[in-house]
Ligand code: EPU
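Just one chain is shown here, as structure tokens, and it is the form predicted alone.
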């Protein structure tokens, strides 16, 4: 099986072997056997954040397909919800909205597995999973022990965590979320979402309406998977939004987005930089191109290759650097290939 069959980009060559781990015991066994043999190992969840080389990988691939949700809830303390790593993330969000678990409704429509969310500190529309993660239970491949890591020790940052910093060390087994209970979602923190909902920043709206609004916004940007829509044959946002120093931010053109962060840095929009550097929606070739709906997504138009996609990514990255002196950083994990 080619890894193209396991990724949302639908790109990538074969692996040495592919193991489907449907239980935690099977997952741990597969990882331990590979480690003891000294074999290269690639752990794959939903494949929504992977760019795999056309030649594939000379490694054992373990697909995390574990399932299970355990709930401990009461009216006073809220809900502690422990989710197996292989649970599809959007199914967890949909259930959260139905059950009145507050704090992930703006993360609707994000593809991939739950175990990947703390690794990437997944975020969208003003929410990040770090705001609700209580603990992450993970297998430490270095010390060969299962560890429970509290949120404060997860090293969460913008699209970052200790798990991402040491990708060959950790295999996430479960993530536990602490939710408040209620029908209203968390305070809306993103201007576009607030406008769509007809509320002010900081106000709250019914979680069900937040989810519906986010799904509509994401569909409009080609960010909800649809096999018939090549704009969704992507790894989501290909580049992270740059964090700049005050002087760099001041040098941006008038009109460039600037969002001051708590640490004094300034976040700007990678999509704005890409578009204004001359790479508009749909830029590319018949094989690979920027999405026709969102300049931040690089897409496989149905007959592309990984090398073609990376060539486009390099062209965009280098063009933005030439125009603004800012080097964009890829968000997806590159396997067997490089920018």
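All of these numbers come straight from a predicted model, not from anything done at the bench. Positions refer to the first chain, counted from 1.
There is also a form predicted together with the named molecule; it is not shown, and the following applies to it.
- Contact check for residue 196: every heavy atom lies farther than 4.5 Å from the named molecule in the predicted complex.
- The named molecule is not drawn, but in the predicted complex it has no heavy atom within 4.5 Å of residue 211.
- Under a 4.5 angstroms non-hydrogen atom cutoff, the named molecule in the predicted complex lacks residue 157 among its neighbouring residues.
- Taking the partner from the other structure, the named molecule in the predicted complex has a heavy atom within 4.5 Å of a heavy atom of residue 294.
- Contact with the named molecule in the predicted complex, defined as a heavy atom within 4.5 Å, is made by none of 70, 147 and 179.
- Of the candidates 125, 139, 233, 163, 125 is the one whose heavy atoms come within 4.5 Å of the named molecule in the predicted complex; the others do not.
- Put simply, of 82, 265, 130, 269 only one has a heavy atom within 4.5 Å of the named molecule in the predicted complex, and it is 269.
- Here the chain stands by itself, but in the predicted complex one stretch of 116-124, 179-187, 165-173, 87-95, 116-124, has heavy atoms within 4.5 Å of the named molecule.
- In the predicted complex, 190, 192, 218, 221, 223 are the residues of 189-227 with at least one heavy atom within 4.5 Å of the named molecule, listed from first to last.
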